[in-house]
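Have a look below at one chain only, the form predicted on its own, in structure tokens format.
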């Protein structure tokens, strides 16, 4: 990487930044899921590994969360954007050198930020745990260069229109900067109490709603038409999806604090807006699934489509849960339980991760002009991810319902802990399967770059889907 950081722009091959980001993202995913497996083991077996203060759950949990969200998910988004945006604009990435520097500074920022969390330096606010210097570093050193590179690649495009995917990429990276600067106001200006709680959940909700969900969707808008050869079913529905997310998903986020003394009108407004996220959700899922018309055989035969469509299908329960659990009638039961943990993983480890994995598989093959090293290993990775995620999601959903019942019927706390213990073990097993699968994925991607069969000029990975 240092070689290209010091090289001239014209001497850096196209796609270099995207490749560095892809492998960096996979590495952070391995680190994040490894920490997740470790944390889940401590919840399943509380007496296990208690002799090290630095490795206790309180130290490790936020490191796991931040490694996955900003190391894996956002890093994979950056990799995807640096390949997809120029491809859709029939141009080159505005600056490969800026992209390579961006990747290096991204990894440095993640290493410093996660180390600071591990050492106990934290804001103490969930999902925005980093201390304020790290927040500013992420906003200005990590995300701003990425946004500039993507935005300028769109500006310098050689096509007439802007495809739906690029609308999402540009808007989401811009909004991530805004969300970081506004959402961390409590730490910048030492707000406390209800103001701090409200802004904390405004930040958390909009990282999901204005970055993770729309960018994962943007990837599928590219992968499905590109690999299947079918045009997008409806660009108008795609625009409906985009603008309805802007209107309905950027909610006040007060639904996270339904039992707090926030104004009742604000909580009601957030609840109604939360249900209305079903508008972009239904528009998106229908648009992608209708694009698959006549090509459903590829769901079995093509690894990129297998990952992508699985992610799209997971978006259905994700958005149904997300919409209705924001209503007062359901929120009072599931709030503060494992149900919410399961829902968060349905978004991050389910819908989002499957879409990003498809983009990384496709992007690495295309950028290196090499065929996937092993389809068998890719399928192994797929099933480890799907089975592991499913075990996690189902077990934590059940545990959450048990916790909700215990809360409502005032069951003694220890009785609830005992009742949910088997599901904590299943949770650990599911997370561990994902972790193991990711090591196989890294090996497969490395061998694809080093030893994959070379593709002829003009031949795309999807063109050899049936010959694998």
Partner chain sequence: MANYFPLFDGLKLKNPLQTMSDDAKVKEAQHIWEHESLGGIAENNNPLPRPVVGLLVLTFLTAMAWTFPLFGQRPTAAIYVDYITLMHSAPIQAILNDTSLTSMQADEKAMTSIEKALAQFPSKYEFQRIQHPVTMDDLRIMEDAVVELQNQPGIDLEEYSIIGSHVSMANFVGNWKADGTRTRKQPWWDKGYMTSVVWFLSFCVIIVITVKRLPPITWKPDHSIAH
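Numbering follows the first chain given and starts at 1. From a predicted model like this one, the values you see are computed outputs, not experimental measurements.
There is another form of the same protein, the form predicted together with its partner chain; it is not shown, and what comes next is about it.
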> Would you say all of 132, 182 and 203 touch its partner chain in the predicted bound form, counting a heavy atom within 4.5 Å as a touch?
Replying inline: no
> From the list 390, 244, 374, 368, which entry has a heavy atom within 4.5 Å of its partner chain in the predicted bound form?
Replying inline: 244
> Which residue, 156, 259, 115, 297, has a heavy atom that falls within 4.5 Å of its partner chain in the predicted bound form?
Replying inline: 259
> Thinking of its partner chain in the predicted bound form, which stretch from 116-124, 73-81, 158-166, 93-101 has heavy atoms inside 4.5 Å of it?
Replying inline: 158-166
> Is there any non-hydrogen atom of residue 222 lying within 4.5 Å of its partner chain in the predicted bound form?
Replying inline: yes
> Taking the shortest heavy atom distance, is residue 226 within 4.5 Å of its partner chain in the predicted bound form?
Replying inline: yes
>> I'd like to know if residue 397 sits close to its partner chain in the predicted bound form, meaning any non-hydrogen atom pair within 4.5 angstroms.
In response: no
> Quick one: is residue 327 in contact with its partner chain in the predicted bound form, heavy atoms, 4.5 Å cut-off?
Replying inline: yes
> Heavy atom within 4.5 Å of its partner chain in the predicted bound form: which residues of 237-253 qualify?
Replying inline: 237, 239, 240, 243, 244, 247, 248, 251
